[in-house]
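Encoded as structure tokens, the following chain is the form predicted on its own, with no partner shown.
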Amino acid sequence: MEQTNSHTPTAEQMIAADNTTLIKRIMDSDIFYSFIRSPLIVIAAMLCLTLIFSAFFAPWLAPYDPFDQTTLSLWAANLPPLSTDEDGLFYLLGTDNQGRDILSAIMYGMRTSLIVGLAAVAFALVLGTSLGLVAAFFGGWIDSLLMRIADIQLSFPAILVALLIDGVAKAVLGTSQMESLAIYVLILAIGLSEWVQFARAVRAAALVEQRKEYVQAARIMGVPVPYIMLRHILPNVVSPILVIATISIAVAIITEATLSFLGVGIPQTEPSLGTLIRVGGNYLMSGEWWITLFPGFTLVLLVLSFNLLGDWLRDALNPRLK
């Protein structure tokens, strides 16, 4: 009778071994070593993860729901930090002019800002990477046309491009539809203002890669062009994409906050960091400083943590600094 070898590993054991090997490879990598030897980057990463976690789990972590009108009371409006209202409810960071808890509003508003920033960068990444690969691989008039469009757009500040796109969308959709589609229009506007950075970086890296022997061999063998771009060239240009994406998230969040502060971004019915700062600015001179100070400080911490991680990632992935 044939007997089963007791030493043969099961599928679960093989998966566990692969995971252990992957974790060991990550911990032994130069990037992980560069990460743990920099206390500032570790603090920035922990701060960034804490803010992201508190934002996306705001419905469960926030002390109050700023969208629930039944829980709001004008008697609790404009309370300073560390205050308690008549019902015994405690407000760590105070309340705004509508009686909303500032801490809860920041957590919900930060979620909106992160969704807009991440979605806009994802859109810009896909668009810019695709156009950069096409420009590098085909060259000729296609490359010249795409790069001239990129040069023209770079001559204008990103905030002006986003304002232009937002204004055109408002004229086409109308005020009523713009209220319901404001987030999507904002994502589109910020994404279209940020794609140039990805396109130029990917094009420069792809021009170097396509001259190498493995790409030339794939062309001679008749490998389809889309397969060469996605399978051979794209994996070798991931490093600059990751660096630009990390820094672009901070830029997108700042752009969203600026547009919302100017009144052309997220409507006031959906709090974001920009709208909270805008509302608080109206009461700054009357002494209610906490309404705008705490959202502004949160915005600074969020953007600073992403910028620090982007700068570290740029240095960690740069082979000349190793």
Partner chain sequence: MMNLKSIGNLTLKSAAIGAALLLATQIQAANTLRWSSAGDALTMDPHAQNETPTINMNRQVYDTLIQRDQNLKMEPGLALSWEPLSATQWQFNLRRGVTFHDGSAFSAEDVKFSIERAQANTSDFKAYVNTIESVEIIDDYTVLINTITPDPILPSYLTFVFMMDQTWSLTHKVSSPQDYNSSEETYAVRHANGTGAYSLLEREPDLKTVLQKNPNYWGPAAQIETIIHTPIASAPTRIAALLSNELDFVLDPPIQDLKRLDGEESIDVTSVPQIRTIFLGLDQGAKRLRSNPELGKNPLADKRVRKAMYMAIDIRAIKQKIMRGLAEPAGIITAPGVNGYNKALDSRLPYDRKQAKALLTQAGYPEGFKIRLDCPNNRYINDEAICQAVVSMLSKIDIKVSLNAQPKSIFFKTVGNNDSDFYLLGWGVATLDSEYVFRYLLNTRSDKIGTWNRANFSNAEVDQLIAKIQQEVDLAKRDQMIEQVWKITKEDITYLPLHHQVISWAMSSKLSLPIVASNEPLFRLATYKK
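Just so it is clear, the structure is predicted and the values come from calculations on it, not from any experiment. Residue numbers count along the first chain shown, from 1.
Separately, the form predicted together with its partner chain exists; it is not shown, and the next lines address it.
Interface residue among Trp75, Trp141, Tyr227, Phe90 relative to its partner chain in the predicted bound form, by the heavy atom within 4.5 Å criterion: Trp75. Asn97 is the sole member of Ser239, Gln177, Asn97, Gln153 with a non-hydrogen atom lying within 4.5 angstroms of its partner chain in the predicted bound form. Its partner chain in the predicted bound form comes within 4.5 Å of no heavy atom belonging to Leu49.
Although the partner is absent from this view, Thr258 stays clear of its partner chain in the predicted bound form, with no non-hydrogen atom inside 4.5 angstroms. By the criterion of a heavy atom within 4.5 Å, Tyr283 is counted among the residues contacting its partner chain in the predicted bound form. Taking the partner from elsewhere, Gln268 is found to have a heavy atom lying within 4.5 Å of its partner chain in the predicted bound form.
Picking from 284-292, 250-258, 57-65, 40-48 the stretch near its partner chain in the predicted bound form, with a 4.5 Å limit on heavy atoms, gives 284-292. Along 111-138, not one residue places a heavy atom within 4.5 Å of its partner chain in the predicted bound form.
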